[in-house]
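Listed next as structure tokens is one chain, alone, in the form predicted alone.
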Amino acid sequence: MRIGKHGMLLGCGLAAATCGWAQRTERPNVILLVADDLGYGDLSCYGATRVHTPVVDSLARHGVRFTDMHACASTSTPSRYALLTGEYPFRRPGTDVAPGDAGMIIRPGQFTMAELFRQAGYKTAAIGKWHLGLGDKTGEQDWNAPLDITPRDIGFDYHYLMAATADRVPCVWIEDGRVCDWDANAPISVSYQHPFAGEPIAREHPEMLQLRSSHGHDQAIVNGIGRIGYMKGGGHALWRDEDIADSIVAHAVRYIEANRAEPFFLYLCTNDVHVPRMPNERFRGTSPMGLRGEAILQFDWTVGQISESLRRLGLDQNTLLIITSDNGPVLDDGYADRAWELAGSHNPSGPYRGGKYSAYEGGSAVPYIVYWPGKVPAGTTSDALASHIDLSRSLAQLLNQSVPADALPDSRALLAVMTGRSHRNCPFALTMPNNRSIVMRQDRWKLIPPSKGPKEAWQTHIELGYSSEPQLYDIDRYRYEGVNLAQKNPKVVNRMMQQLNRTLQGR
């Protein structure tokens, strides 16, 4: 089933359809499964041919697959901030890509998606990648003691997390505010300014590396891989990169099993396919695209483990499963894993220009699949323009929950759109590229206002799309943003700039 952007499924009014549906629905479990740097074109249900993702494809066939969903930023930290808070990241200083020793960016007292579910009587958990800071102040955490501010302070009853990403120290798991398997014989020290005496660093000891860097990532060495930042200690608390996905799955399944008798919200974030790509040995040699292709297959396996657990426990019929990614893709993001060389004809951004960090569509257009048997229209493709920013209020709508007056300030209650029951475009979608400029999609139009910045993102070969001149693209006619129509359509540019300025100045 496929319905155009301006159509309406079932021909009913949006508000009436949504409210009636919510009132008739029992409280479902909700799993928000967020991949890392997984591009629009990285899944076979989105057109990939050099890699096959049968589990995700099956969920898409039996659920709703979105073709025009946008993350709120083209990098991880700000994208995740917007997803959980319903607030655009450009409104909040300090929402750039966070170091591993960042203090908590979402502060206690700020209403979050997790608080919404807790308010509704749900158990809540965050498992996997975090990258939103831990502790009160940046660089002042004591990793050998309980952290003073954790996800528990913003609505999560339980958490099992990596502090940032796998390429940043500290390379340990944090469970309920403490380092897992903390080793008293190897106390942890972390610095993003200075190396520790006697600790080898990657740029000076390449012979110690199992995966060499292509740019950056040449500081602390953990598991034979250079990282961003310096670290000392850890001992048996240090993770093994090959086991990261297994650890995430094991803790997620354990959580689901323990909470099967009551409604739960699980914010489940994979490390795949972020660098360093070091999938488990059982995936080695399974993809012609090397480590990055194997990481995509490992992501598909992760989804399979979660969906199979739901079926085994009899929870699949009353669990809303949403699968998406935090931002667009990147091939070479700092490690010599031959991702460019082995990609061949595979374009991780699919039909779009740019990728991670970029103002072009490839930076923010992400996969988004909704699976909920009997509750969402199975086998449907939604071409509606949609944004991650609207998920939090839409879930409040699902739960029939009111929120504080100042909460989720930029999110719009569009449950029917976000679950594929309506195919109307959202009013507009805003995205923040890496230079903290703001770009806008509205219906078929894409506006990139003038901004400053380099042509490409470091050594990634990704076009960033920054220009001193305004750029206007008709995505319906030219999906790849190759024809700038700004000079031919000044009224459209002015109208969108006015809307953008109103949004920047208010709500």
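Only a predicted model underlies this, so the values are computations on that prediction, with no experimental measurement involved. Heads up: residue numbers just count along the shown sequence, starting at 1.
Missing here is the form predicted together with a small molecule; even so, the following discussion is about that form.
Though the small molecule is absent from this view, in the predicted bound form it lies within 4.5 Å of a heavy atom of just one residue from His274, His251, Lys232, Lys123, which is His274. Though the small molecule is absent from this view, in the predicted bound form it lies within 4.5 Å of a heavy atom of just one residue from Thr270, Ser76, Thr419, Ser392, which is Ser76. Segments offered: 123-131, 314-322, 383-391, 292-300. Contacting the small molecule in the predicted bound form at heavy atom distances within 4.5 Å is 123-131.
At a distance of at most 4.5 angstroms from the small molecule in the predicted bound form, none of the three residues Asp42, Asp57 and Tyr368 contributes a non-hydrogen atom.
Looking at Asp333, you'd find a heavy atom of it within 4.5 angstroms of the small molecule in the predicted bound form.
Interface residue remark: Tyr480 is not counted as part of the site for the small molecule in the predicted bound form, having no heavy atom within 4.5 Å. Taking the partner from the other structure, the small molecule in the predicted bound form has no heavy atom within 4.5 Å of any heavy atom of Pro206. Mapping the unseen interface onto this chain, Ser358 falls outside it, with no heavy atom inside 4.5 Å of the small molecule in the predicted bound form.
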